[in-house]
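Below, in structure tokens: the form predicted alone, a single chain.
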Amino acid sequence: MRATTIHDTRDIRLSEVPEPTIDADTEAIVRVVAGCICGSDLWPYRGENPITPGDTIGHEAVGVVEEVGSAVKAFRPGDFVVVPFCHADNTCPHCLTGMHSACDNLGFTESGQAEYTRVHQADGSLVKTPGQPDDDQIPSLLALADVMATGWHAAIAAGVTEGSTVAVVGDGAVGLCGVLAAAHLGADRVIAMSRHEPRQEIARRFGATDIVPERGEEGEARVAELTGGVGADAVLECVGNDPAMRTAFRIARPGSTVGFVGAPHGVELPVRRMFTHNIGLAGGMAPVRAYLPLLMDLVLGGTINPGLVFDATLPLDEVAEGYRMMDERRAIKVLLRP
């Protein structure tokens, strides 16, 4: 099959690789209808994560079930499904508390930017749509495989409540989905920290009431001004680097919580400030399966439209250009059609 592979820093190729097979009775093979490039894929692309040359890459996909293992009972060939990037059995003690991303049988989508992908725990992971979705629903359903669920997790972890003031650090797809989540959860004020006009426009459409284009101390001062010197009731850190985390804690009011979902790279926590201001930190890798049923209902009911984060669509053959577009910030998030 055709699949995206990574070979070195900024070396993405479309290669012929073996099709995935059923190796365990809990597995399923899904024909990818739409995949995409994630901001986290840019870490290895830029050389920030270790690379094994020739590995497939891509962890977000929606598609049609092609084959299932003998233990899979809830799905059959022909079902249209959303594939969470992290696979869970939905029965272990961690899953039963809603922490599917720490499942005892955790697995991951390894070829979301390809023609086919394998799901390790099909019954516990996949969520099917009621029939074949309309083509215009595909982008929003695809967003549920990772970025919308991850933005939602940031908002839940930060304790966003009705009537609160929320600040979102990061204007990538996850940060924008965090804005959407905070607005849907009832925040009165949602401050999006973004210096890119196309992203600012989506943030506004998602419910941002204020845009802060400045970064660092200037941005932090602007948030302080907007909140009357108090700070935000909840902060969503959606980047994963040290400057973003420092900003998140500096704009959080005493007693609040920072919800972090950006994969951490070089982050040092400001423990003294956390202690003196009683600011908590919660979050981590999103338990996508825990949120999927609710989020799918919101998408199919037309309540939320997270698919707006996809501002470019390319055929799979042009995946290398898609990476360049995101790396150079010419695109927020690229949807791929095999």
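Residue positions are given as counts along the sequence shown, with the first one as 1. Fair warning: this is a prediction, and the values are worked out from it, not measured in the lab.
In what follows, reference is made to the form predicted together with another copy of the chain, a form of this protein that is not presented.
In the predicted bound form, another copy of the chain sits beyond 4.5 Å of every heavy atom of residue 107. Mapping the unseen interface onto this chain, residue 74 falls outside it, with no heavy atom inside 4.5 Å of another copy of the chain in the predicted bound form. In the predicted bound form, residue 101 approaches another copy of the chain with a heavy atom inside 4.5 Å. Although the partner is absent from this view, residue 255 contacts another copy of the chain in the predicted bound form, with a non-hydrogen atom inside 4.5 angstroms. Only one listed stretch (92-100, 198-206, 163-171, 217-225) carries heavy atoms within 4.5 Å of another copy of the chain in the predicted bound form, and that stretch is 92-100. Contact annotation for the candidate site: 292, 301 and 308 all lie away from another copy of the chain in the predicted bound form (no heavy atom within 4.5 Å). Interface residue among 57, 33, 281, 312, judged by heavy atoms within 4.5 Å of another copy of the chain in the predicted bound form: 281. When you look in the predicted bound form, the only residue of 211, 244, 185, 263 with a non-hydrogen atom within 4.5 Å of another copy of the chain is 263. Interface residues of 259-275, taken as those with a heavy atom within 4.5 Å of another copy of the chain in the predicted bound form (partner not displayed): 260, 261, 262, 263, 264, 267, 269, 271, 272, 274, 275, in sequence order.
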